[in-house]
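The chain below stands alone, shown as structure tokens; this is the form predicted alone.
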């Protein structure tokens, strides 16, 4: 009898590209990438669907490419979700321990988590993820796993991520019309963190910044706990648009200049270097200053990193970022972006590329694949934890998301 293959497909539905990644978990537990497909994203803006027909076609083409490489028919996907509609906040609840004589049980923990997520939301919004952070038993705070501890009062603190119902349903419609079942949605920066952030960085305090085309999504870890997430409405497409307007170019030309010549630091240019763009459809554009190009990029990215720093300061997290920033996503490929981010935040900065997987490394060894790799990693972690929980009688909250493996292990 042939053993069923353990395969998961991650689908990164971005503003500028759709990426489908098919991966298999081998008998020794290693994750091997079997197929990758990318296709320009149509019908989306800032991570949200604006044209279902175009979005469906883009998804179909990206998945088809991956299928052709690995010769495997995809039927379901784990999909990333982002957009300006995403909101997050922390919540807590305090409940009495059901039987203090035997201590805190897993049932007590689930009851506390359920109570913490029971917050009123507008009718057009829904909870996407409930991420347990820590517990308190009586006056003992900051407990990761209180099971078995004696006490009379249990407090659970969770991080809630919510989104618009219509935005999620539109994305579901696109994926199902393309012919695939949606196993689960995962917030994109949480998926990316699984691919590029190291455990020791999560412990000492780190911010994963995923710079996409339409948005910049980030997540802050401390003590291996997800403390804060946010979606900022600035992405790589804003740089392209600024260059197009500032230098009187087509968007395609502006994108070409940004990728080929642009830098996040305008003071790196000496003299008045010029650029030339030749296009068969328009008259040649000459006399374009490289310094002006870099200045436009620098101004927009400066705005982004000031916005990031201000948000972290307002949330009270900035002083606890021991490991600095990890930049990933397509926008992190901009030349000198790490240096600019370091200047503005005063923190160490590195560019994050996917690790912990094998197969097709020459293709996926780039920040643009971080979300897709993280989605399949999440899928296998979730599948393993669900398998381990079968037969135990533990009830798993339907929207419980555990972005770190220890949370997956503990709560599933």
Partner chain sequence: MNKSAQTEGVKQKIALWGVGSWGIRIAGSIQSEYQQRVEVVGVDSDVQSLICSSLVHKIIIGEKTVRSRGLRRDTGKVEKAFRESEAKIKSKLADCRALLIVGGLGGGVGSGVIPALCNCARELKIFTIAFVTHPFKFEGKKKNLLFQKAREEIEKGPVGLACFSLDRLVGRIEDDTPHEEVFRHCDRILKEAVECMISYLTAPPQRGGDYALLESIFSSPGETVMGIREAAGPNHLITAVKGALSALSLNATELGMIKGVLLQLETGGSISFRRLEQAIGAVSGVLSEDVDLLYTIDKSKEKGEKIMVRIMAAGVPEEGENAAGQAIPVTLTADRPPAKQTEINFKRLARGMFVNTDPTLFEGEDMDIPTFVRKGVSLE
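Bear in mind the structure is a predicted one, so any value in this text is a computation, not a measurement. Residue numbers count along the first chain shown, from 1.
The same protein has a further form, the form predicted together with its partner chain, not shown here; the description that follows concerns it.
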Close approach of residue 307 to its partner chain in the predicted bound form, 4.5 Å, heavy atom: yes
Wondering, does residue 233 line up within 4.5 Å of its partner chain in the predicted bound form on heavy atoms? yes
Is residue 256 close to its partner chain in the predicted bound form, meaning a heavy atom pair under 4.5 Å apart or at it? no
Are any of the heavy atoms in residue 246 no more than 4.5 Å from a heavy atom of its partner chain in the predicted bound form? yes
Heavy atoms within 4.5 Å of its partner chain in the predicted bound form: which stretch among 307-315, 204-212, 134-142, 175-183? 307-315
Are 107, 111 and 155 jointly within 4.5 Å of its partner chain in the predicted bound form, each by at least one heavy atom? no
The one option of 267, 224, 126, 242 with any heavy atom within 4.5 Å of its partner chain in the predicted bound form is 242
Checking 299, 339, 333, 165 against its partner chain in the predicted bound form, the residue with a non-hydrogen atom inside 4.5 angstroms turns out to be 299
Which of the residues spanning 19-46 lie within 4.5 Å of its partner chain in the predicted bound form, based on heavy atoms? 45, 46
